[in-house]
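Starting off, we have a lone chain in the form predicted alone, written out as structure tokens.
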Amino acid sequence: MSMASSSFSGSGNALMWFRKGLRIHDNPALECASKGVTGGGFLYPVFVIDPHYMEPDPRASSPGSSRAGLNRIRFLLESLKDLDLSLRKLGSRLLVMKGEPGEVLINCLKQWKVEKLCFEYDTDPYYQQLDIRVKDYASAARIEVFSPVSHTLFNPADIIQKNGGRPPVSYQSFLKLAGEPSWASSPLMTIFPSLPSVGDVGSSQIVEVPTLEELGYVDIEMGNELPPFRGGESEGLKRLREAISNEKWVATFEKPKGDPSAFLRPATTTLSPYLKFGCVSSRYFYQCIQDVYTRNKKHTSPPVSLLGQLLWRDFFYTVAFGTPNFDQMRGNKICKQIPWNDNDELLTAWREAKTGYPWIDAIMTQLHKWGWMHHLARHCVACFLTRGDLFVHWEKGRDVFERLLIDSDWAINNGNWMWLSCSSFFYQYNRIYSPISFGKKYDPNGNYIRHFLPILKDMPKEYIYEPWTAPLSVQAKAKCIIGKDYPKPMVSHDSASKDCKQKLAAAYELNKKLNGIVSEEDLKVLQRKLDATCDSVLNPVHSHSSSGAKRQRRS
């Protein structure tokens, strides 16, 4: 991760390449680019619309590209619009271009006689490959490059180096290695008086920030409920100020105590999409929290504190950066090898909110509509898909989240799916989220379900979490016949979760016996053994009796 010095010599033109880091405040790359322009040079702020992420895919299961759902694309476009407005206030503007980013960038460097190239460092594998190509060209063309680490609190490479070249795989060991960030008590640059002007762009195809329609998203029916997230630095800083202003809430924040069913006022900061796109600097957020802690000596501590949440983010970034094949089971040293089901029917029912469990289906509906849900809600649906009920591969669920979440983040998404499936980090596979009692604990009236699954809005509260147990007369009165208007449960949770525990016990035993070196053939042999003994996933619930309800509630 070698980087050129941030103090550029000479004069000439600089190019600021935005990818994440879509903000003005605490943006060391932008600061360096603006200072590097002297002697009548120009600053070119560039964002490239990457078809890899933005091009409509008519074959996708819901509106969006093959890699991103419509909610995330909309959020990104709003963030770019906001960034452009902020740059214009400082005498500059955002130069939006379309195409393969490496190709576009290299053409710009050539055409605009750029001497300094600045962009925020990115640990994602896609950008790692892209950056090598652009840096190689810059080096050959004698263009200075400055690529600072400012998306995370720490440089992941430094932590890995401190740990003898291996990433720490527990949060506590990460905390010990990390200590306090070197910049923690230094003032961050949050305001620019002005920026150098943009020079002649020659024959480059510059466009305004496109609308969804201009990207090819036409005739899209999104219902009457738009997600309550507007992209951009302005909105992100507003939300940050609101969260931080409640000092008691910040000081006493404990992550496990949030309410996953609170949707009108979510029981969290809702800053994750703004951190994902770098509309809000995690370093600035860190300093804001520390300021509150200075004034409130009695406060919670990591891992549950608000500061602890930012450190979790860095932990996952560090492990992901230092672990080959972090995004897959095979060839991933920290991931247990488990013979997951390869059942697209189960996956589709889960993804499309048709499992027959209202709590699970309401969460998946919120994911489709908003591109966001509370972290405990994510835990419930991830557990249900993998080790709790359906035993479907975590990579399949990861792909759904990666596409649909507006805050989808490569390192955090993969890390959390391994965690929730008990493939890595967390191994207490007997602790399963009930798709019935967990939601009921927070929302006994089922208001969350009624909002996201209006077909169940008239179901009495004693049946809202288990509508298949309601007498037919009650179902008729609620205008929701189970099996017709809303699906029957696709599995019996009691027997499915029992089967899942048996399968994981057997898989853990195999991993232990073979010291983690488990081949495809080993997994196939185990799969055949398990298939012979565990078959509840194929046997849906048909009971409408109240005894079914009693059996289910115990889990």
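Because the structure is a prediction, the values reported are computed rather than measured. The first residue of the sequence shown is number 1, and the count goes up from there.
Beyond what is shown, the protein has a form predicted in complex with a small molecule; the following relates to that form.
Proximity of H379 to the small molecule in the predicted complex: non-hydrogen atoms within 4.5 Å are present. Of the heavy atoms in W312, some are within 4.5 Å of the small molecule in the predicted complex. At the 4.5 Å threshold, heavy atoms of Q337 stay clear of the small molecule in the predicted complex, well away from it. Interface membership of D407, defined by any non-hydrogen atom within 4.5 Å of the small molecule in the predicted complex, is confirmed.
F285 is the sole member of F277, F75, F391, F285 with a non-hydrogen atom lying within 4.5 angstroms of the small molecule in the predicted complex. A heavy atom within 4.5 Å of the small molecule in the predicted complex is found for exactly one of L420, C118, L83, I464: L420. With the partner left out here, the small molecule still marks one of 293-301, 434-442, 261-269, 178-186 in the predicted complex; by a 4.5 Å heavy atom cut-off that stretch is 261-269.
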